[in-house]
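Before any questions on binding or motion, here is one chain by itself as structure tokens, the form predicted alone.
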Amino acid sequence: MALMHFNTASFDEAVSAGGAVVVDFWASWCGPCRMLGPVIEQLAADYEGKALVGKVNVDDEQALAMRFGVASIPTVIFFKDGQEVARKVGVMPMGEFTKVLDTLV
């Protein structure tokens, strides 16, 4: 399964299923979000079968963004077994994300 695009229902289902889940909170009008997009897509490819990687458009899913206190985008939240375990805000190199993911898978 490649990169997921979550709405509230699919997000809740994915996170509650357990395992490692990475979620990029973003918006189409956000320049830094667009810069981070290829990194998130690469993570989805590299960790296929090991972690679920997805995106939440904060314009479409405002309640979900509020639920997790997303005040700046891009915000990438890492979940393990349904619990938030790490958060990265802003554009960062791939290594910053793989360091966290490698501890979860």
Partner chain sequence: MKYDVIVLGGGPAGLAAAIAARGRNKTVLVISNRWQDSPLARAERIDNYLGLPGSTGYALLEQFQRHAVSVGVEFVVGRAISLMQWEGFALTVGSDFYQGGALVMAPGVARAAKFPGEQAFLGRGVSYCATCDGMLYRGKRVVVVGRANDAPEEARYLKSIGCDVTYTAPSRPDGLDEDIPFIRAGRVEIRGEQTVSSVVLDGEALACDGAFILRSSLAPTDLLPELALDDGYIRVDRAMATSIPGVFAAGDCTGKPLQVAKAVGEGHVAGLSACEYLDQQQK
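Residue numbers count along the first chain shown, from 1. All values reported here derive from a predicted model rather than from experimental measurement.
Only in words, not in the display: the form predicted in complex with the partner chain, which the text now covers.
The shortest heavy atom separation between residue 48 and the partner chain in the predicted bound form exceeds 4.5 Å.
The partner chain in the predicted bound form comes within 4.5 Å of no heavy atom belonging to residue 63.
Contact annotation for residue 67: none of its heavy atoms lies within 4.5 Å of the partner chain in the predicted bound form.
For residue 77, no non-hydrogen atom is located within 4.5 Å of the partner chain in the predicted bound form, even though that partner is not displayed. For the candidate spot formed by 34, 72 and 89, every residue has a non-hydrogen atom within 4.5 angstroms of the partner chain in the predicted bound form. The partner is not shown here, but in the predicted bound form the stretch 48-62 reaches within 4.5 angstroms of the partner chain through a heavy atom at 58, 59, 62.
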